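This document starts with one chain, in the form predicted alone, laid out as structure tokens.
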Amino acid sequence: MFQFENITKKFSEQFVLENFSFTVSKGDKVIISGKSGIGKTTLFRLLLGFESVDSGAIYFNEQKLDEQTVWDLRRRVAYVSQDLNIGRGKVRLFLQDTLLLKANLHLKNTSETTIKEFFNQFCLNESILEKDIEELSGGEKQRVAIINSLLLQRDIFFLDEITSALDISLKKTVMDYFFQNPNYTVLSVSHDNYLPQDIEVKTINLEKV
């Protein structure tokens, strides 16, 4: 599904990635690790076309990514950022606004039941739907952002430190949900040591590439 071929990326003469190669197949679960600032989030930005490689190439479904083809990838990916500043206003409206974006209009009739099932899955009280986002804790915001991504019904997930504000029990709940679904292709940046049991996980340690 994804192929990195000898990609190099540097900022201010400092290499973030140098001659990096890696392959991700459909359904793979990949953990990207390494110290802060080493280039973990940069990998996502390169895949999504927000940064360009200095040399080498990235392929998605055997098609080289460029300014035109990257849109095919973006329509397939749900990206969840580590940023807790997810928006303002009522949680319900935040979720509804996502479904009303032009690219997501086919999902606008997503049922209230589906949303509440996700809230139950990630241990959120339904009353949060009527709260302002600014009132939520960091962990609640992270789980709302996760639910927002799942409502898009996509099968590729880029997860960037999405459990940083969660306790160990909730970390397990979130990671198990994504990693135990065989239909999901998951690239996850994480400092957590927890890995779901009996799941084959690929790792990219950027301190060793």
Partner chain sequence: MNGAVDLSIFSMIMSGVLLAIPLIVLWYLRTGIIKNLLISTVRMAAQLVLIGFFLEYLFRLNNWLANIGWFIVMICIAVISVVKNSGLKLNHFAKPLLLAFLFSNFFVVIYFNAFISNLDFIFEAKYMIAIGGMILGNSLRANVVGLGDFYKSLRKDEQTYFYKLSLGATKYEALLPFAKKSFMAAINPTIATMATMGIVSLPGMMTGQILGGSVPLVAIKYQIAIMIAILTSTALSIGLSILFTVRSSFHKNGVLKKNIFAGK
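Positions refer to the first chain, counted from 1. What you are looking at is a predicted structure, and each value in this text was computed from that prediction instead of being measured.
There is another form of the same protein, the form predicted in complex with the partner chain; it is not shown, and what comes next is about it.
Since the chain is shown here on its own, which stretch among 176-184, 24-32, 57-65, 41-49 would lie within 4.5 Å of the partner chain in the model of the complex, judged by heavy atoms?
Looking at the partner contacts, the answer comes out as 41-49.
Any chance R88 has a heavy atom within 4.5 Å of the partner chain in the model of the complex?
Residue-level check for R88: yes, a contact with the partner chain.
Is the gap between T110 and the partner chain in the model of the complex 4.5 Å or less for some heavy atom pair?
T110: no, not in contact with the partner chain in the model of the complex.
Considering only heavy atoms, tell me if A165 and the partner chain come within 4.5 Å of each other in the model of the complex.
No, A165 is distant from the partner.
Using the partner position in the model of the complex, report whether C123 sits within 4.5 Å of the partner chain, counting heavy atoms only.
Contact with the partner chain, no.
Just to be sure I understand the contacts: of V70, L170, L151, V53, which is the one whose heavy atoms reach within 4.5 angstroms of the partner chain in the model of the complex?
Contact with the partner chain in the model of the complex is made by V70 alone.
Any chance all of K116, F118 and E135 sit within 4.5 Å of the partner chain in the model of the complex, going by non-hydrogen atoms?
No.
Pull the contact list for 72-98: residues with a heavy atom within 4.5 Å of the partner chain in the model of the complex, in sequence order.
Heavy-atom contacts to the partner chain in the model of the complex: R74, R75, V77, Y79, S81, D83, N85, I86, G87, R88, F94, D97, T98.
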